[in-house]
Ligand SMILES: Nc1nc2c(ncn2[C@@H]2O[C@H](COP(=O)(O)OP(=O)(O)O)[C@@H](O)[C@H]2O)c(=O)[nH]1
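A single chain comes next, written as structure tokens; it is the form predicted alone.
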């Protein structure tokens, strides 16, 4: 995808130039009028056979003459480019960051992320059972252990169930985590056994269900997973591992959304420096970002997602464990 900037005395003229040069399939990313001259500027995108890193040559407007903002667009744009954010989404976030009143790039990007995405942490209690779904190796089991530990430390009662009975060691892994936390865990593949297991933990504040790795291309597996979710009356939450190709991550997220997911947990953030897949998945499937998994430790490896924590992670291009968002992400502090 290539982003282009068009300028004209009037918006209609700039739009006409977009259509004339890029054709009817061009996507309008943003429009803006220069505060001093009144000149109209339009950012448009079109699919072309060239690398996306060229979009930075065309996306940046001349910065506004406001003190302290001269390099804001460059800083945000370079960070989004480094993190591998899709070009169209990057353009929207840059425009939103520039529209904010913040002079600090972290605050401006946080404002843009807050405008573009929803943030919905899971908390330590839920009326419905929560079932973590996601591809094999996404870290669902360890994430469930982190959620359970957080709830237990907050004085909440927790019930753990795994339907991942086919994977070697799946039941034992959750059982070991549950024992370390000091709670019990049950295994129930599906049907009456799952219903009975849920009945045993009906009064718990938080009921968490571990599931088998989801292959987004296997219709039979997806159908079975949908039946489990329906039988449990559970809210599916996507566990999305960092480091995926953004297009693959977006496809997985869309499949999860079809299964009823409305939130995602980003896992294994400590293993990568680029987070474009997370941004692409949340944007492409319209999923709220719930939690950030940034370290393997059960008691201190998961943070509620917040715009400032995510902005800092993108801007610094560090693995998430390097800035420890546990305290920062919870309150959004700079």
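Residue numbers count along the first chain shown, from 1. Model, not experiment: these values are computed from the prediction.
Beyond the structure shown, there is the form predicted together with the named molecule, which is absent from this document and is the topic of what follows.
Which one of these stretches, 304-312, 268-276, 37-45, 281-289, sits within 4.5 Å of the named molecule in the model of the complex when only heavy atoms are counted?
Careful reading of the contacts points to 268-276.
Which residue among 253, 80, 158, 138 has a heavy atom within 4.5 angstroms of the named molecule in the model of the complex?
None of the other options qualify; the answer is 138.
Name the single residue among 142, 122, 197, 149 that comes within 4.5 Å of the named molecule in the model of the complex, judging by heavy atoms.
Contact check passes for 142.
Would residue 295 count as touching the named molecule in the model of the complex under a 4.5 Å heavy atom rule?
Taking the distances in the model of the complex, the answer for residue 295 is yes, it comes within 4.5 Å of the named molecule.
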